[in-house]
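Presented below, as structure tokens, is a lone chain in the form predicted on its own.
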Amino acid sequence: MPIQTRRGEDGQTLIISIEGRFDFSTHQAFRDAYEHGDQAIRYYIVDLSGTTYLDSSALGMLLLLRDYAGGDSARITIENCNNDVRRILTISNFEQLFAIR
């Protein structure tokens, strides 16, 4: 499965891991990953360590997650990006919207 979720040790963090291509084909699975979560979730981590490709629909999905998680008050971290994915996020100014490490 290209998208897996798990709860962090603090019980308030949802970690969404994406393997392979992060594109429109993962739209529903990505949305299901966070919309059916527990109400106790306050923080989100999108782990892109296994992501090989990211397109504009993936950027849109990240923005939808941001809206769902509270917009400007959302606490979302995108982590473990490879250089190509990091470059796309930087060009798109996503560093202004998300914590990226």
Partner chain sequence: MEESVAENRPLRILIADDSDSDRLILKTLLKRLGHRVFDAANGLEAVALFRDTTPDIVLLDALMPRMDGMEAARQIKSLAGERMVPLIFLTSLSEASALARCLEAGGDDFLSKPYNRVIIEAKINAFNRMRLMHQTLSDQRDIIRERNRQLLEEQEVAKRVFDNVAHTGCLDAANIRYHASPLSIFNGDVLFASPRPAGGMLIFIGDFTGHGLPAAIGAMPVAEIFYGMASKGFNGADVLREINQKLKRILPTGMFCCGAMIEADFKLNQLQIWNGGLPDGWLIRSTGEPEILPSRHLPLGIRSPEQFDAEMDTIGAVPGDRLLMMTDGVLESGNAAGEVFGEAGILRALESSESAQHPFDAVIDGVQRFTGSQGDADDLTLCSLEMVDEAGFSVLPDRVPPSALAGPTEWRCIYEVRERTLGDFSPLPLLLHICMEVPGLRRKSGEIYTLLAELYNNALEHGVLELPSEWKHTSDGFDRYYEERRRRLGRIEGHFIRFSLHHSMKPSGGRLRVICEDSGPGFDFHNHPVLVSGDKPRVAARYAGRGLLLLKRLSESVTFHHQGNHVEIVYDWHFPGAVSEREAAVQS
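Residue numbers count along the first chain shown, from 1. On a predicted model such as this, the values are computed, not experimentally measured, just so you know.
There is another form of the same protein, the form predicted together with the partner chain; it is not shown, and what comes next is about it.
> Which of these residues, 92, 82, 12, 25, gets a heavy atom within 4.5 Å of the partner chain in the model of the complex?
Replying inline: Here the answer is residue option 92.
> Out of 64, 41, 74, 29, which one falls within 4.5 Å of the partner chain in the model of the complex, going by heavy atoms?
Replying inline: Answer to the contact question: 64.
> Is there any non-hydrogen atom of residue 21 lying within 4.5 Å of the partner chain in the model of the complex?
Replying inline: Although the partner chain is absent here, residue 21 would stay clear of it in the model of the complex, with no heavy atoms inside 4.5 Å.
> Is residue 60 close to the partner chain in the model of the complex, meaning a heavy atom pair under 4.5 Å apart or at it?
Replying inline: Close contact exists here: in the model of the complex, residue 60 approaches the partner chain to within 4.5 Å, heavy atoms only.
> How about residue 87: is it within 4.5 Å of the partner chain in the model of the complex, going by heavy atoms?
Replying inline: It does: once the partner chain is placed as it appears in the model of the complex, residue 87 has a heavy atom within 4.5 Å of it.
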